[in-house]
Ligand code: NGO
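The form predicted alone is given below as one chain in structure tokens.
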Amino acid sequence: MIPALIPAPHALTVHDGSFELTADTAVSGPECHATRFLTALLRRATGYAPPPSPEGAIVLSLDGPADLGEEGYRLDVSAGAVRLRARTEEGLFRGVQTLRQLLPAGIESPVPVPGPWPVPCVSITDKPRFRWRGVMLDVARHFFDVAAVKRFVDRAVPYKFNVLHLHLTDDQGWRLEIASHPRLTGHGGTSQVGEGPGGHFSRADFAEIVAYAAAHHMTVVPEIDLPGHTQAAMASYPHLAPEGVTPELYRGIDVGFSQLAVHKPTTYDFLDEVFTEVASLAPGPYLHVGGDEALQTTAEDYAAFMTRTLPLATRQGKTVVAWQEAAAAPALPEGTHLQYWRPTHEPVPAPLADAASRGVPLIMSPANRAYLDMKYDETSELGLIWAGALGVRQSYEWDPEAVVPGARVAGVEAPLWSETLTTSDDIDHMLYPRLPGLAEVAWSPAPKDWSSYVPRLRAHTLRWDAAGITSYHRSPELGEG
């Protein structure tokens, strides 16, 4: 029987027999997150306390072959032992997630449950198709606290995502404390969609999120969205507004009505100070500067704004990430990544096609394939539908390299915007069952086969049940198993 692994590995051979995990099974490996994670996972669900051993029946090692790359691994399971090899700690961590999925669904239980705990005998060689495999959480439209963000990370980890993009600012709220501009959160963080109280991350909160993501081998990419989506910033500091008049806090869901004062030198002083603080709080290599839906900014002003703003980010030693509209900037700094978000049935904008022809790497997030805030169908209570309903099959059956022909694709990201979401259960409902398929799009070799994917995905619902995830969407597309 083929194991229900998602994302599907690069190469898999199934052998006869199984390895039996028992209370006496020893785990050995380097002192790293992967070893600690596996030991804690086994202890939590089985009640066993895996004894450390220089040998061990489950052995993790950093002696994998060079062709595995940074995230690849080799997993060999026999009746007598489990051997996981990689070149890096990150590769070991990805392999641990595969071993996790080879164990029975009960391994996801937050409390000890009865065994047995067989692992099928397999040989797996695996590495990712794309280096950028991201999930995005919008904490600006509705605020989600540290615990909710950690839970979001936990949902992404089993499926080998490696980027956590946080949309931290928008018209409805500014969510990250900036010490040099305290009103951004003191005032601009007090609103959200509807009548809720808003909220924000203190510097210590954000450091906790960054550390938690790092422990799960995910890089945090903070987004400060500019020059549109800036009502909360201008309500906090009116000199940022073109007219210098204090706008009101905004609690709706319309877009495209706000813009910074792009001609004022003080705007760029402000951005320099904000980027400096954000860069110090997020040690990863990327800073996302937004750039989308600046509908009140003329093309000339937008180009001038980006020309002055992008170097402020690179001066912090960061690689710029921006939504696809930033392709219109006269000159993009070296390494800039553009994030494609429009539906795939729309023509590719000429500036983006031109940037792609020059080798600018693209992160593929087409709304009709990857936007997890789209309704499953017209009857869904949560979500929006401006890009059309997004079912499970539609989110799975697409090729990132076919969206912009000839483009250099850095990877795939699944954004979750929060206009209609207020709880972690709402988040779970929109993630599952679409998130695993997007993970497979990002990790596994092409092409994708829906008929072989469905039974694997159906098996994962047992894992979600065991984990206590109760709000996932019961999609009729999965059929009955």
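So that there is no doubt, residue numbering starts at 1 and follows the sequence shown. The structure displayed is predicted, hence computed values, not measured ones.
What follows is about the form predicted together with the named molecule, which we do not show.
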Selected contact from F152, W117, F206, W323, since only one has a non-hydrogen atom within 4.5 angstroms of the named molecule in the predicted bound form: W323
Could you work out which of F130, Y286, Y159, W341 is the residue within 4.5 angstroms of the named molecule in the predicted bound form, going by heavy atoms? W341
Where, among 100 to 108, 403 to 411, 326 to 334, 365 to 373, do residues come within 4.5 Å of the named molecule in the predicted bound form by heavy atom distance? 365 to 373
Answer for E90 alone: is it within 4.5 Å of the named molecule in the predicted bound form, judged on heavy atom distances? no
Give a yes/no on whether R141 approaches the named molecule to within 4.5 Å in the predicted bound form, heavy atoms considered. yes
With a cut-off of 4.5 Å between heavy atoms, is E293 one of the residues that contacts the named molecule in the predicted bound form? yes
Answer for A353 alone: is it within 4.5 Å of the named molecule in the predicted bound form, judged on heavy atom distances? no
So which residues in 251 to 265, when you check the named molecule in the predicted bound form, have a heavy atom no farther than 4.5 Å from it? V255
